[in-house]
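Only one chain is given next, in structure tokens, and it is the form predicted on its own.
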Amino acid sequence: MRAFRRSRHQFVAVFNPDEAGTLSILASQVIALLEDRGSHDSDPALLRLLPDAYSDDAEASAEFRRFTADDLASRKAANGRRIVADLATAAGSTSATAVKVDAQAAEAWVRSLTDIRLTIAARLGIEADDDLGSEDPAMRDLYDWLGFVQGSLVDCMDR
């Protein structure tokens, strides 16, 4: 992947088909987790995506979740669908493809990339920035690559 760069009012990155496909699959998996959360309510990744509002008060936290979880999960899933839609052409291509996102889409991308990384961090056992998590080098590489993708987009957005 070539890092995001600003082009007028858009942000452009070049993804090869495997990268676009992998990112699309990861976004789709997070969408599925959010949309089918009833059967995964104790999943550590889901708990990272929809954290407790009151860690010291289970009853207040449950009440807060009852009123906010559906809307929050819906917004997170919509952000993931934006990534999937924006990557569709690149994922189905046979060569590297430029992916262009506008400012609104970039916000959705950053939020969704955060959610994907939180999900992977939960799977790896990463709780803080200096944690190494599990010894799964492929998952660590994927986690780091997603950080690069997200960082390159955030850098462009700040300029």
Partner chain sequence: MSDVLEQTERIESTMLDSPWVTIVWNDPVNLMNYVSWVFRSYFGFSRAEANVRMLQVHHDGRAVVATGSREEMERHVEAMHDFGLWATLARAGE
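Keep in mind it's a predicted model, so treat the numbers as computed, not measured. Residue numbers count along the first chain shown, from 1.
FYI, the form predicted in complex with its partner chain isn't displayed, but the following is about it.
Out of the listed residues L118, L26, A90, A105, L118 is the one that sits within 4.5 Å of its partner chain in the model of the complex by at least one heavy atom.
Contact check at 4.5 Å (heavy atoms) against its partner chain in the model of the complex: none of E35, V101 and D141 pass. Although the partner is absent from this view, G147 contacts its partner chain in the model of the complex, with a non-hydrogen atom inside 4.5 angstroms. Residue contact check for A85: none of its heavy atoms lie within 4.5 Å of its partner chain in the model of the complex.
Of the heavy atoms in A128, some are within 4.5 Å of its partner chain in the model of the complex.
Within 4.5 Å of some heavy atom of its partner chain in the model of the complex lies at least one heavy atom of G151. Scanning 91-112 for heavy atoms within 4.5 Å of its partner chain in the model of the complex gives E107, V110, R111 in sequence order.
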